[in-house]
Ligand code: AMO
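Form predicted alone, single chain, as structure tokens, below.
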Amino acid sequence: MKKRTYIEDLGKHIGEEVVVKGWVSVRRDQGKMVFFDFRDMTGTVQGVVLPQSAAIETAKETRLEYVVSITGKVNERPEKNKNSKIQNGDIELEVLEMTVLAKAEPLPFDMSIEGFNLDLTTELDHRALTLRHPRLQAIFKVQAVIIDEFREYMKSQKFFEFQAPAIAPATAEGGAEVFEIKYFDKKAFLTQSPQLYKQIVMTAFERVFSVNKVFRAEPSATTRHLTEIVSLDAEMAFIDSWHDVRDMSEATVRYILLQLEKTCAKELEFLQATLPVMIEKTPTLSLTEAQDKIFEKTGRDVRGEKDLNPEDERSLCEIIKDETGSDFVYVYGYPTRQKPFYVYPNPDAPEFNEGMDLLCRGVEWLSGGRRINNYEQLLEHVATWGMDPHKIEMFLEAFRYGVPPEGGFAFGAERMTMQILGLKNIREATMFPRDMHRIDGLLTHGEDGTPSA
């Protein structure tokens, strides 16, 4: 039996007979001939079944999304028919034999590149089929590169990868926005962050990172929130200040953007996406400075607020873009009690902490900053925040035995994907989104009969 040839390699086999396996994306009858576009995981190619071909009768019965095995000859297209703008635009597969490996029912909607125009609810309801569309495949190829290149950069900087558990006895960030679960006859929680675990592992390995699913029981009926996300986390020891954490996170983003430019040019062009601009040094403002700037430029007075709301984030990013050309801006120095217990207070102004956020194109990408490494100070914060120290005993034990100055950060992979590609809803950047209304299928409907997605 002849070995299968992947579609991306067909250009190396002009004049040769090959075996191709894949799906039928396009079917066109032209007189006595039948034209197809075949696809596999590496790309697409046009195939033609001539009237005298042994495959002609099978071709007449073959429809969209049929799975086929093709024996064919790779021919160079006539010069007038070549198309340099598409993959394999200079060749054509002359189909000699065709075997149907699996049939497909008639499609419920148009899956062509030009005709695919579903509302998001329908797209998600039919995810098992819509994932085959080139647009969705391009989105998730970009996301795969984001995650891969985060890993690669972390490894290049001597970070050690670990996997944090998804079930925890206590919450890392406090609050009620957690999923409580029955764990045998005990109460436990789905992890809302690997924070406590990555700090524990950091005390052994100095620099650590993880790619983890995390769960947030927060209102997710928005275009930017989900209940389950992929969190790209890093933690590093022996820092001199929170600036070291900022600089490492900035270098990580810069590396990811560079690799996307190199490896995803085709997907970015197809999606008509422009990578965000990161200038030589990303602008960094305190929360107070950011609020002053918003007031100065827009007249909206949000000075003294404890955080930036979504409108503030959009305004600040627009202002920074106009002033510097940067699509990114760091904001630091939040009220200490507004952040989790482990965030380091500014020694000169303890009411503010050394936490930071990275905003891009109006949406938060990252949170991070310096952490408390002193055991006694941690205990004070645990008491002040009203936490039960027995439930985080493992975490506290690590700090009882010597921890250097340290800090870290975390990205949301879906948020990054959404912003980089200019998507309108984070669910477009999530293969199988979970929110208040959906676990694959819809759970509840809004007043108009449709989910908030």
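This one's a predicted model, so the numbers in the text were calculated from it and none came from an experiment. Sequential numbering from 1, following the sequence displayed.
FYI, the form predicted in complex with the ligand isn't displayed, but the following is about it.
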In the model of the complex, the residue from Arg361, His225, His381, Lys293 with a non-hydrogen atom within 4.5 Å of the ligand is His225
Counting any non-hydrogen atom inside 4.5 Å, which residue from Ile256, Leu287, Ala164, Leu366 sits next to the ligand in the model of the complex? Leu366
Residue-level question: is Glu218 within 4.5 Å of the ligand in the model of the complex, judged on heavy atoms? yes
So, in the model of the complex, is Gly47 in contact with the ligand at a 4.5 angstroms heavy atom limit? no
In the model of the complex, does Ala410 come within 4.5 Å of the ligand, counting heavy atoms only? yes
Does the ligand come within 4.5 Å of any heavy atom of Arg415 in the model of the complex? yes
Can all three of Gln157, Arg246 and Cys317 be found with a heavy atom no more than 4.5 Å from the ligand in the model of the complex? no
Counting only non-hydrogen atoms, choose the one of 226 to 234, 179 to 187, 86 to 94, 126 to 134 that falls within 4.5 Å of the ligand in the model of the complex. 226 to 234
If we check the ligand in the model of the complex, which of the residues in 335 to 349 reach within 4.5 angstroms of it by a non-hydrogen atom? Tyr342
